[in-house]
Structure formats: C-alpha cells, structure tokens
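There is one chain below, alone, in structure tokens, taken in the form predicted alone.
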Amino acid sequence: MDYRIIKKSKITEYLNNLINEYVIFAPIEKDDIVLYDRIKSGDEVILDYSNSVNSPKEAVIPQLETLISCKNNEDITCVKEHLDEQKRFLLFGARPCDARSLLFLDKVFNDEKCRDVYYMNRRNALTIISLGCTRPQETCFCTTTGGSPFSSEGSDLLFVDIGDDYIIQVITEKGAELVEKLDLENTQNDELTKMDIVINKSKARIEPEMELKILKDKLDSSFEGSAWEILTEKCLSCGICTYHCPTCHCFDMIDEETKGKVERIRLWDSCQFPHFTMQTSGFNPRPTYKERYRQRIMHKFSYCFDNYNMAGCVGCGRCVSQCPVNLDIRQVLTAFYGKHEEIRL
C-alpha cells in the first residue's frame, strides 16, 4: 500500500485548493454539535471530533430531492428529468464506519435488477477521504458488524492521526489522483511505526460482542418470541434511529403541484412510523411498536445477509446516542444472542 504524509496545519490549504473542483462535505461545528455538511471554506472543518450527529449519506441520498417535473398540461414532452451531470463530490473526514456504509448502500441502489440512476449519478462522482478513529466512543460497535476503527472499506484515502501529522493510506485510483495533485512526501519507517501503534491501541478499545452468523440464526428462530414485546415497550416509533442511521434508506414518493408546475419528489421515510406499511384498505401489517422495531432489527441483521451478504448496520452508535428513551440496539442484540445472563431473555 502507498503511504503519504501531510501536516495538520496544511489541511485548510489542502481543502481550499480543492473547493473549486469539488462539492465538499465535511464535519463542521454548529450550535455546539458536530454535523456533516457542505462547506464553503476549509476553515469550517472540525477534525478533532468523535463522530458527527448526522451521517454523510445525504451527499448521495438527499433527504428531499426532485426526480422529475413538468408543467400541468397534457403534453408529455414537457417532463424534465432532474438528472444533470454532477460536479465531483468529496466526503472529507468521514469515519470508517460511514465510508463502509456506502458499500452497503451500493448493494441496495446498484442492484443489477433495479439500479437507481439518481443515486449512482452522485455515487460515481464521489471521492471519500475517511479519518480513522483514535478515540472510539462508548456507543461504537463497528467491530461487531465486521468493521474496525481504521477500516479502509469504502474509502479512497484513509487519514491516520499521529500527532502533528496525518499519515495517508492511498487505497484507490481516485485517492491516488488526489494525493498526486498535492505532491505529498512519502512516509518514513518511524512514522509508519507510530501509525501502527495508534491503530492497535484504538482497535483494542472495541471488542466484537458477537458473531453475526450466530446472531442471525438466533433472530430467525425468535421471530414469534415474546421477547420483542418486552424489548420494545419504551419505543416511541419516533424514527430518530433511522434518520441518523448511515445505512437506513427507506423513502416515500409524492407528487406536488405549485403554480402549475408538478414535481415528483423523493424524501426519506422510516419503517418505524405507524403509517409506513398502511395499506389503502386500512390494514396495517405492523400496527404496534413490536412489529415495527422487530422489522428494523430483522432487516439489518437477518434479511440483509440473505439479500446482500452484509449486515445493514456498521456499528456507528448513532441510534444508541440519539435515542430519546435509551433503547440500546446492542442490548437488544445481546439479549437474543444470550451472551450476558443479566439481559438474557
């Protein structure tokens, strides 16, 4: 693997050199929280952070987007598809779990039987620079889902913090193109030794809790179990977990007319909302919190393996930290796994 090095003091200059060429999304501080958002200057970027409150998936799946539009008349030739040629996108400072989440979204939106051209138009224009986690949060469980604090999966470049500098792991051709533009120096042996120490210390902080294949089997056999009612008693079906999740991808479609212009709009939805599965007959196959929360867990840790051979979760921990009633997905999974007696069901 090719390695380069860059001083932290040069990051702002680095981003400002790229900002005219790329639409850049990066972690910024707003109202005392760290958010992933589009930047106008490298000065806005915050890199000394644990993780952003939101995920960067909005760069490829906007929360609200117009797909087609037309004037309200009978002439079908007026229909306009909003699939313009995209300017290049850059995700900078994404955590490895978020970079890895895009590999999962690729499986969903780039299936050969049903390819989403809107997603792929942005995805093909995207370059991802991830920042390894030197201080994983207590809510992180990426190793349980197959990742790690310094996973390179889904990234084009991976930055590793070694003090005053970042060591850059060049992973893909897109990444190599970026580092060549900056004419960065190669690393020395002592710098690579520092990198290995940082990576090993971080990995030791997150131990995998369970084997996903065993978890899937136990979930499949517990579908009708009474445990679901106990575990979901305090769920509000508020959807916060799904809106913060980097892999959740449910959406709704609506047609709106404003001043004679009709637009077909795609917007985020959530399987936790009561009306998500409401049928026109009035029948709802998931009428209670139990069925809706069970669907979320089963989808991520059973059905996704059947369909994509990958968990629909990267262990970022946002659903743990943002849940208003402290419904911890790790405890739910561990309860079915049966590892800890105190929460076994």
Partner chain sequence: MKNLYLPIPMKVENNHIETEDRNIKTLTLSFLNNKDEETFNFIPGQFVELSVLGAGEAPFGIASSPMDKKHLDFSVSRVGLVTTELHNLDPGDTVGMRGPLGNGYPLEKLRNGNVLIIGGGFGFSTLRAFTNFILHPQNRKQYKDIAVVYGARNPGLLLYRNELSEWEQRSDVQLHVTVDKGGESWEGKTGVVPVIVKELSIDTDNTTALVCGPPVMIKFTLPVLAEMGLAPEQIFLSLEMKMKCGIGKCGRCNIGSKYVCTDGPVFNLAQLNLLPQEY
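Everything quoted here is computed from the prediction, not taken from an experiment. Numbering follows the first chain given and starts at 1.
Same protein, other form: the form predicted in complex with the partner chain, not shown, and the subject of what follows.
- Asp255 is the sole member of Glu180, Glu207, Asp217, Asp255 with a non-hydrogen atom within 4.5 Å of the partner chain in the predicted bound form.
- In the predicted bound form, the partner chain sits within 4.5 Å of a heavy atom belonging to Asp111.
- Put simply, Asp306 is close to the partner chain in the predicted bound form: some heavy atom of it is within 4.5 Å.
- Although the partner is absent here, Lys300 lies well away from the partner chain in the predicted bound form, with no heavy atom inside 4.5 Å.
- Of the heavy atoms in Lys194, none are within 4.5 Å of the partner chain in the predicted bound form.
- Judged by heavy atoms within 4.5 Å of the partner chain in the predicted bound form, the contact stretch among the candidates 153-161, 166-174, 207-215, 242-250 is 242-250.
- Against the partner chain in the predicted bound form, the set Val79, Tyr118 and Thr277 is in full contact: each member has a heavy atom within 4.5 Å.
- The partner is not shown here, but in the predicted bound form the stretch 284-298 reaches within 4.5 angstroms of the partner chain through a heavy atom at Pro285, Arg286, Glu291, Arg294, Gln295.
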